Each structure stands twice: as C-alpha cells, then as structure tokens.
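In the structure tokens that follow, a single protein chain appears in two forms: structure 1, then structure 2.
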Structure 1
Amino acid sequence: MQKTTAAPAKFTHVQCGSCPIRHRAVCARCDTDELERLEETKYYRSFEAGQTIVWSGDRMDFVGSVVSGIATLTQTMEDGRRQMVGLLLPSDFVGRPGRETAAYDVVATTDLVMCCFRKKPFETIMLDTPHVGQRLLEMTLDELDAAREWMLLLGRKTAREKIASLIAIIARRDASLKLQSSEGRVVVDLPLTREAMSEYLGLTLETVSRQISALKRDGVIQIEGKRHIIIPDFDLLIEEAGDDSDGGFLV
C-alpha cells in the first residue's frame, strides 16, 4: 500500500473533569497532584475519519489515550497483504513507552480525539508516579487477555459468532452506549464498514453481509441506515457470540 502523508491533525481542548474516559484511562487512579503533572505534558489532537495517526516504523514521539472515536491497528506484509490486528476504542492506550517507533499503522476509523502525552516526559512520570505505572500495567495485561481471546474467536468461532462477538465488543466499549429500557435495549453506531469487518475477522465481504442479514432476520439485531444498530436483547447477542451471560471474553 502506498504511503501517503496524513493531513495535519486538528487540535482541540478537553478538561480532565469532563473527560468521558477519566476513570478508565491511564490516569484513572491519579490524584490531583499527579493529574497536574500530566497536565504539563499533555495535549489533545483530533483526527478525521480515514486519517493516518502514525505509520508502522515511523518515529512516535507521543503516547496517549483515545478519548472518543475508534481507530484500527493494521500490519502490512511485504507482498502488500494487510491484516487488521486490533481496534482502539475509547480509553485504550496508544504507543509504547521505551519504544521509539510505531509497531503498526494506526488509522482513525471515525472522527477521533486523542489525549496525547509527550513520550519522554511521560516515561519519567510513569517511573515517578506508581499510580500511572500500575494502571498502565493493568491495561497491558487486559490487552494481553483480549488478544488471547481474539485468537479463540478467529480460530474456533463460526462466522455468525464472529460477527456477533464484534458487535458486542463495540457495544460494551462504546463510551456513548445508551441503554434505552429496563429490558436491556442497546443502541450503538457500528464504526466499521463491512469491508473493514471482513478484513478484521478474516471473512469474505459476502460472508459478513450474509451473517449480518441473518442476525437481523432472526431478531438479534435491528439496523437503521448503514451502521446504526439496535440490540433488543443484549443477552441474546452474547449467546449468539458463543459466550456466557457474564460476558465470557468480552471484558
């Protein structure tokens, strides 16, 4: 794939007190003094849907958390084949302290806002501030667990279970998720095109479309427009994903 220069990111400002990921991100356990230290090195950036945040192999002088929106992690092989290897959802951490370059292409799938930290000062804060280092370790272990469970999804689940699992993952992690009734009715905007879903799940586009239509026909999901999905019974979706009602691998 030809490498193109991304458009300059737009900058915006978000106050920590009103941040939707304040209690889930790397700063979740920080006290007031620790937040003040992070404030000194942080800045916010917004990216448009389709914009590349960083290319694999490029120098990455920042780390940060997704505040809103979704991005994809993609790896390209020498012969040009591409594989989506991960999704970055709100509160997920981007970049690796101690690593100079990016390991994957990171691309905004939707309009996206990131809370960024200059890498070198953040590495110092991480060493000096146990709450930051501990939280980052927790998030890293959660990411490892999710990767292991994703191996299960790709290797053992049926096409129908894969689609249901992906919808459930996005619904559970969506910062704007809305419970519309006591019966557990959930509304979510699916941020991935069907082409992107097929790439991520290792399925053909035709299979993705067929399975989404089957879930709709069976009343598991309802679709309004191209990506607006209504889940009448979330427990039923979890059953279709092949997981138990406690969530299985969906954490």
Structure 2
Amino acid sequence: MQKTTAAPAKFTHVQCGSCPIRHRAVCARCDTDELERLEETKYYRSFEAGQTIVWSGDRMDFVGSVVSGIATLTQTMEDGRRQMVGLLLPSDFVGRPGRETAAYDVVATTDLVMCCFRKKPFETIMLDTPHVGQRLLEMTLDELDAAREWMLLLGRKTAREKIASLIAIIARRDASLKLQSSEGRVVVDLPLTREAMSEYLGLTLETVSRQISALKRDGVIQIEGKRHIIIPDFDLLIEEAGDDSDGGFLV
C-alpha cells in the first residue's frame, strides 16, 4: 500500500474518464487501496437505443456515469404527460447515493455505455474518501445550475427561444467534448428525436418541428437530413435563444 503524495500529477488511476473518481488525478490525499476497492465493484453496461434502464419507482442498486451515448431522465404524470428533467451526455452521473429506488424513468435514447458501481460499496467509499464526495458535490451543484437555467427556459421562453436554446446547449456540450468550432460557424448532430426534444422543452412535437422549420427559413440554422444542423452564426443563435448568460461559444 502506498500513499500518493505531493503535486497534482497527470495520472488517472481509473481508465474511464467520466467517473467522479477521475478527480483523484488532482488529489494527493487518498489511499490507492480505497480506489482499488471501488475498482473491484466497477462494471460496464451497454444498452440499446430506446431501452429503458430503470423505471421510476423501481429498485436501483447502482450509480454510474455515461461513457458514450445519451440517456434521459423523465417524469410522467398519471395521464401520460411527460417532462424530461435530465439529459445525460457522456461524463454525466446518474443515481443518488442513499436512495433505494429510481425517482425518474432513465432511458437510453441512443446506444449507450455506462460505467457503474454497485451502490452500497460506492456509499462506503464516499464516506471513507472525502474527495469523491467533494467531486460529487461539485457535479451536483453543476446539475442544479443547469436545472435552474432549464426552469427559466420552461417557464418564460417562447417556443422559438426554447428550440434555439436547446440547439445551443447541445452545441456547447458537444464542443466542450470534441473541440471543433471554427469561428462563428458550428456544426451539431442532434442526438434527440423531435419527440424527445418536445419532452425536454415542454412543447408538442409538432411545435418543435414547426419552429425548427421557421429557424431554417429565417437562416438561423441550416439542416441536412433530419438531425444534422449547421449554425452559420452562433451569436445569432444565442440571440434567438434570448439568453442573458454570456454568449461566448465556450463558457
């Protein structure tokens, strides 16, 4: 057993880059064997596009993070109205330590790979290894900020603004993963169906479709096929989104 000492090293103990554990790379305080214990319980799971990972209310005995693909968290009312409340892109975390059952439907909207830990051992590690909890707190605070931005969108934005916002959000997340902006012009592949977009935005899918057509007609975006979108002027899109958050492409 050895202590890792001193300066932040470019060193990732856990190969999967998306886990909260990743943060160890800049933590000089944790024992290797604590992470090793966690490693033991780690496993990967794959899901097909459209597959439901857990239903709201069902037992959920793992936590984990998305390695590749897209998943969504969705709430459903008795009469079937659905609202997406979480969009999980690669590196996002799912699962609440300390909760037995899922609070939302978790659905893979594309083919998906997740990196999972069984919940019990994960909770133990969290208690023993402060920086894991600290990392998780950071991530949760980020989620909360995103949720609040999302609330503004749901409560006050028009359909057109909602669509523009969603495209911008995905473009930004996309770019922060695989840097590809070339001054103003940005390209995105929407990873969501029109229906999924409508569940994200609190609209119907017809309205989503109409507004996308409108943005296209007005030259704010160009479309190839159904999902491939070219944004000639990102600042213009941001303007359409009615966003007061700083308009830069990379925040």
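What we label the rigid core is the largest C-alpha set whose atoms superpose within 1.5 Å from one form to the other. As the structure is a prediction and not an experimental result, all values here were calculated from the model. Reference numbering: structure 1, starting with residue 1.
K.L.:
Looking at both copies of this chain, which one is the form predicted on its own?
P.N.:
Between the two, the form predicted on its own is shown as structure 1, not structure 2.
K.L.:
Rigid core superposed, Ile230 Cα shift between structure 1 and structure 2 in Å?
P.N.:
Ile230 is displaced by 2.6 Å at its C-alpha.
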